[in-house]
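Single chain ahead, by itself, as structure tokens, in the form predicted on its own.
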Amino acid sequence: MILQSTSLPLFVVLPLAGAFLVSIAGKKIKAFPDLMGSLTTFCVLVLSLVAVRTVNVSGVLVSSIGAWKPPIGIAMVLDGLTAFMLVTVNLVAFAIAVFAIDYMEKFTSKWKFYTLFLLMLAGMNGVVISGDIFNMFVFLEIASVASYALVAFGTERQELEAAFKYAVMSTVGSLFILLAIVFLYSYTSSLNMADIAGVLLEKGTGNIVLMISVLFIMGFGLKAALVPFHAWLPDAHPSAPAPISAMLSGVLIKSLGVYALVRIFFSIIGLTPEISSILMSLGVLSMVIGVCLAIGQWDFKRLLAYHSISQIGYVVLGIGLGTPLGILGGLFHLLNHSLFKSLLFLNSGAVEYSTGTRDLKKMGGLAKRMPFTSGTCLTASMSIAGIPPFNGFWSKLIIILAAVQAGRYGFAFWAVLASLLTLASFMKVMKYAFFGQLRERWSQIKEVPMLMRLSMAFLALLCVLGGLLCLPQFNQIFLEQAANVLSEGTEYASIILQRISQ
């Protein structure tokens, strides 16, 4: 089974339809939001897996929306990088939708949660498949607005304050991106990404493209929470309900930030040595500062939020190297981080669900009462720390080897140091939360419900088996297809325009 070009809008249409139906029927039929949320995310995940096969069999697909053909009309594009990101986003979304069935029972109005959740998913999928830079911005804003509301979902003072801060900072990032698009359009007279890349190849890049590049780095740097644009994230992620924290950290900052950043700089503008150096420097700063700030945290979710900044640094460092091995390692770590960080946020949600606290100092010995949560948290902790044979080890190893291969020994050193500090941080988590003597106040708590455990087990299994993607038979059909898109650089333009003309 393979997708046709006319099927590409389904990645946006299905979540939008799900959100619409939940908003209408979810209030009246209690089980409907849970059913629609899980069913929609599962269907889109299946479509994403089919998209991977489609790219391997048919190559790039381009879908024209409406009567106007690109570059005048709106285009949706499926290539190796798009398929990779679709699988990453929708895999995590499905696991979170299953987890939320039981977890969100403690909140009122579950139908509002699923409506916003599916709206956010539609926005993220739209960003990934869009071949038009302005429509990418529109989908980015749809996902962002839904995420603002989800951060404030509990309506407590802390949550509302964090959502406001997140909205203000993210809006500033959106303004930078919109200004960059305006200047890019004024220079190229086009909004189609492939057409813009072709025009830039003909006209060359001047000072205006340098200014556009700076605006994109600031805008998408804010969306990705790279240091020094990270101030909103440590407040926003802990304040949201655990499923949304997992979604924000697992895939939102990657699809709205990292993916859009690398798509523009590799496929449209082209990666220059100067941009490469900036990306690598931002990556190392994020990696080291994020983990140093995380070590001192005692709020479980806030600690995880700082680690999101650190791990995104690895992704940007690998991709910023610009070498085939570095790009492969960066994308591999993007996928792995989506899995183990989503699992860690679900673990923190499970602990809070049973104990009512996120303070590590108040925990202790929880493994005796919550062995399943403890086991999956240990799996995710070893993954994020880069302990073999878990998935995080392989992607970090590739990034470090790529830095050494490129002669960037200093960057390789900081990557190793940040990984050791990450290990120390999660040894603290396991010691204070799950190991040691069980406190009397926790003697009666129980393990979380079955569906929450099922979701955590699914992600933990992927963390264990994720290293298999390094094997040639899996690597060639998934990771390499995505890495090749970035390695080809601005050849993206000729490939897409050729498909449009067929």
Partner chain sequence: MLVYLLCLLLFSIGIYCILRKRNIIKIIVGVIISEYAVNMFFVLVAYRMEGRSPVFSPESQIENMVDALPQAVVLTAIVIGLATTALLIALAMRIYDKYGTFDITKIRELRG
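As the structure is a prediction and not an experimental result, all values here were calculated from the model. Positions refer to the first chain, counted from 1.
The next section is about a form of this same protein that is not shown, the form predicted in complex with its partner chain.
>> Given that its partner chain is not shown alongside this chain, does residue 233 nevertheless sit within 4.5 Å of it in the predicted bound form, heavy atom to heavy atom?
In response: The answer is no: residue 233 has no heavy atom within 4.5 Å of its partner chain.
> Is the gap between residue 289 and its partner chain in the predicted bound form 4.5 Å or less for some heavy atom pair?
Replying inline: Outside the cut-off, so no.
> Would residue 171 count as touching its partner chain in the predicted bound form under a 4.5 Å heavy atom rule?
Replying inline: Yes - in the predicted bound form, heavy atoms of residue 171 and its partner chain come within 4.5 Å of each other.
> Would residue 185 count as touching its partner chain in the predicted bound form under a 4.5 Å heavy atom rule?
Replying inline: It does: once its partner chain is placed as it appears in the predicted bound form, residue 185 has a heavy atom within 4.5 Å of it.
> Among 220-228, 247-255, 338-346, 140-148, which stretch has residues with heavy atoms no more than 4.5 Å from its partner chain in the predicted bound form?
Replying inline: Stretch 140-148 is the one.
> Which of these residues, 298, 107, 413, 164, gets a heavy atom within 4.5 Å of its partner chain in the predicted bound form?
Replying inline: Selected option: 164.
> 179, 430, 420, 210: which sits within 4.5 Å of its partner chain in the predicted bound form by any heavy atom?
Replying inline: Flagged contact: 179.
>> Do any residues of 300-332 have a non-hydrogen atom within 4.5 angstroms of its partner chain in the predicted bound form? If so, which ones, in sequence order?
In response: Those in contact are 302, 306.
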